[in-house]
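Presented as structure tokens, the chain that follows is alone, the form predicted alone.
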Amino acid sequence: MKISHIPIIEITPDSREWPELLNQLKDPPKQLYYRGTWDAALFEKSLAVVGSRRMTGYGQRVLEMLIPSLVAEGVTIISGFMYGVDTKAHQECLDCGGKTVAVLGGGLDVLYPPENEKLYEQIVGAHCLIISEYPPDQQPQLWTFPRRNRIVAGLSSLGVLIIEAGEKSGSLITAELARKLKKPVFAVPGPITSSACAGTNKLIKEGRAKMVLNTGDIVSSQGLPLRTQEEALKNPAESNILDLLAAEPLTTDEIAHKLSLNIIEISQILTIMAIKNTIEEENGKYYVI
């Protein structure tokens, strides 16, 4: 891998960085290895997002709807770096300028799945975290993934959100682990004709998960108020954009040019601001609400 030169740091329960959330586990890891930037604040408002490796178009649209608004609320997205929902959750979070933590089922020097090399680099480059309890050269095995799930559940302060899961999905293991830790379990309902949603629908039907239709169902359930506009605008770039739009409606290109910023970065910020209902887009131009 291109990032093999980036150092791997090991921490133990005696380390200053050790996340206290993991001490709630019956069998916490004896050590953690990580690449990236360790920041305890990542876990203060964190949500595990898990689901099917065979994500459908419906699951993709759900993530594209929920992740940006979760990022706008300052939520760190934790997932397992696998195909499908995991990968989409990490990627969508990064695309929105958010923070994400990937927990691997193998060592940090074993890229699995190999298709996620670019995502691995993006996570480290965005000052986020890639974590494993296994030695760097440990190959992932069938038994390592369920073990990984307890760390995913353990690191989530807000609970676990399940998006698409069949009746025998490994994501249901993570849901049960969260329940044993007395953490909330959230599930997005899906079409009753879809086998990919049979597990999530069953969790909701049996009262083992709270049905989620929007971000407020998650954040407000924890007694955490949705951010006010003043709190949401602590980002100087957002304030600068509002100042520009107060004078006249502008396109994305025009805003990027006036602020001398990358158009991709501006697009991410505009998406977040639209979710916060501070601006709206009409005919290609943005207006202050």
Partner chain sequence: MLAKILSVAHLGLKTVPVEVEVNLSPTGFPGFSIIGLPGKEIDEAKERVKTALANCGFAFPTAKIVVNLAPADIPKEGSCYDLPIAAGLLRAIGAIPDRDEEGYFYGELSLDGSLRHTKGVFLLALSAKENKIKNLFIPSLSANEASVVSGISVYPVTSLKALINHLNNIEPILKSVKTEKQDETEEIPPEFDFDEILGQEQAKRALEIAAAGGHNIFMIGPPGSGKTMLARALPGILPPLNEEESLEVTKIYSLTGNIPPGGSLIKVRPFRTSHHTTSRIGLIGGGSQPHPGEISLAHHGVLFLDELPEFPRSTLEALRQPLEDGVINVSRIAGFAKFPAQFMLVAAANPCPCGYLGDPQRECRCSPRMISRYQSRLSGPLMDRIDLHLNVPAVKVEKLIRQSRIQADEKADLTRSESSRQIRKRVEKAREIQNKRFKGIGIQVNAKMRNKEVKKFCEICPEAQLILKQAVVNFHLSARAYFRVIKVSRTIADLTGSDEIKPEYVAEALQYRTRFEN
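Positions refer to the first chain, counted from 1. In this text, the rigid core denotes the largest set of C-alpha atoms whose superposition between the two forms falls within 1.5 Å. These numbers come from a predicted model, not from an experiment.
The protein also exists as the form predicted together with its partner chain; that form is not presented, and the subsequent description refers to it.
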Selected contact from Thr37, Ser220, Thr251, Gln31, since only one has a non-hydrogen atom within 4.5 angstroms of its partner chain in the predicted complex
Thr251
Could you spot which one of Leu181, Leu94, Leu119, Val110 gets a heavy atom to within 4.5 Å of its partner chain in the predicted complex?
Leu94
Only one of these stretches, 51-59, 22-30, 237-245, 66-74, has heavy atoms within 4.5 Å of its partner chain in the predicted complex; which one is it?
66-74
Contact flag, Ala41 vs its partner chain in the predicted complex, heavy atom cut 4.5 Å:
no
Mark Glu10 yes when one of its heavy atoms lies within 4.5 Å of a heavy atom of its partner chain in the predicted complex, and no otherwise.
no
Test of understanding: in the predicted complex, would Ser15 fall inside 4.5 Å of its partner chain by heavy atoms?
no
Give a yes or no on whether every one of Tyr134, Gln141 and Thr144 sits within 4.5 angstroms of its partner chain in the predicted complex by heavy atom.
no
At a 4.5 angstroms cut-off on non-hydrogen atoms, which residues of 250-269 are near its partner chain in the predicted complex? List them in order.
Thr251, Thr252, Asp253, Glu254, His257, Ser260, Ile263, Ile264, Ser267, Gln268
Is_shifted Asn23 between this form and the one not shown (CA, 2 Å cut-off, rigid core):
no
Checking Ile11 here: with the core superposed, does its CA move 2 Å or more between this form and the one not shown?
no
